[in-house]
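Presented below, as structure tokens, is a lone chain in the form predicted on its own.
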């Protein structure tokens, strides 16, 4: 496989509604941002870009089949090759990895991946119904209804298994919303307290409105290149470009129907699902005790797909101890509960310790006043951008938004792009972008690293 670099990324403003522009024009905002950042024009881009990947979740919102080709035409990129990727909430992450494949395989030297969703064209209840069609409509949907109900059920199980508290959930919301105060692209920029989160309207116990991301209109784009593509791009731009390399990709899946997910034994978990940093005697004893107390994996409290995506990406990138070897994570926090669950899946802490990790301070940014008493210094900031909770969730754009923010972190350009460097992780060398669909049915993890 060939080396793959990410050279540019752009995002539109995420908002509850963008009545000022069509979905094609919103994508063009993100695409034009990429070109402006590189210092090339549309004619040069047409000569350089070999093809594209289009990322959008639903045909329903804009009531238009084959929306991707309409974007391709609007961007002036026909007759270049393209294909559309769809995978629920993980659509953006899957698309980013498909662009990686185009370059790594030698099929292209330069690939544009763009993603979008315009969810404001329908009422919120109808949008929730469209999203819920990504569950089993013959089994889960008639019983569970909208996704907030599914995630409430999962976190209740997590609370019973591990003692996770509503205050720990709320601290995730506080962290991500306050981070977003410094991100002008975010939809919800608020200074919150734990009390604010708990006192907001209840949606599905224990999840309140401020524990849940919002539907959005928005777009994101990124340009990936090979070594040869990088040389051509640098020639066109007339300068050296920061080298941010994709060093690991991983994907995982699980049964869509949560009732079909197995209860693995301790030995099966260690053989198939454990990470390198869980091989010590202390971790084995910890997990042995969990199983002795009736714990089963994955059940509905954990995302096995997230664990397997992380495991594969870490192996690809040579990561053995995630908390110590990763400088930041942009993860799919559609719910505060899913951020806590994903800490565990990604090996930032052990299964059962996500709630404690959430309030430890280890996932926060230094130098920001969160109004919380945090016992530990930051180690690996999670969602320094504000995440989906604060930035919004235009589904096809979300995973790409995360990748763009990850790119800017590794280029050390947050100050340039956001007009404020408070969210810049100082000296960031390696980051992971995590994208998640359904109730954990598709999950991707992508490792990006800055080269000297």
Partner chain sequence: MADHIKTHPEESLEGAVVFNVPIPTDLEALTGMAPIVIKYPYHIDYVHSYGQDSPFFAGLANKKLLGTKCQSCGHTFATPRMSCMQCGGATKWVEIPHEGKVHTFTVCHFGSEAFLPECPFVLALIEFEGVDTLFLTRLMGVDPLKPSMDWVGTKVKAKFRRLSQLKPTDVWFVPVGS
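Owing to the predicted nature of the structure, the values given are computational and were not obtained by experimental measurement. Positions refer to the first chain, counted from 1.
Keep in mind the form predicted in complex with its partner chain is missing from the figure; the text below concerns it.
Can you pick out, from 142, 371, 318, 366, the residue that has a heavy atom within 4.5 Å of its partner chain in the predicted bound form?
Of the candidates 142, 371, 318, 366, 142 is the one lying within 4.5 Å of its partner chain in the predicted bound form.
Name the residue from 376, 191, 235, 263 that puts a heavy atom within 4.5 Å of its partner chain in the predicted bound form.
For this set of options, the contacting one is 263.
In terms of non-hydrogen atoms within 4.5 angstroms, which of the given stretches 334 to 342, 70 to 78, 151 to 159, 269 to 277 touches its partner chain in the predicted bound form?
Heavy-atom contact with the partner occurs in 151 to 159.
At 4.5 angstroms, heavy atoms only, are 128, 137 and 203 all close to its partner chain in the predicted bound form?
Result yes, every residue of the spot touches its partner chain.
So in the predicted bound form, is its partner chain close enough to residue 181 to count as touching (4.5 Å, heavy atoms)?
Judged by the heavy-atom cut-off of 4.5 Å, residue 181 is well away from its partner chain in the predicted bound form.
At 4.5 Å between heavy atoms, is residue 209 in contact with its partner chain in the predicted bound form?
Answer yes; at least one heavy atom of residue 209 falls within 4.5 Å of its partner chain in the predicted bound form.
Can residue 282 be called a contact residue for its partner chain in the predicted bound form at 4.5 Å between heavy atoms?
Result no; residue 282 lies far from its partner chain in the predicted bound form.
Would residue 291 show up as a contact with its partner chain in the predicted bound form if we use heavy atoms at 4.5 Å?
Judged by the heavy-atom cut-off of 4.5 Å, residue 291 is well away from its partner chain in the predicted bound form.
Within 15 to 48, which residues have a heavy atom closer than or equal to 4.5 Å from its partner chain in the predicted bound form?
Residues within 4.5 Å: 19, 20.
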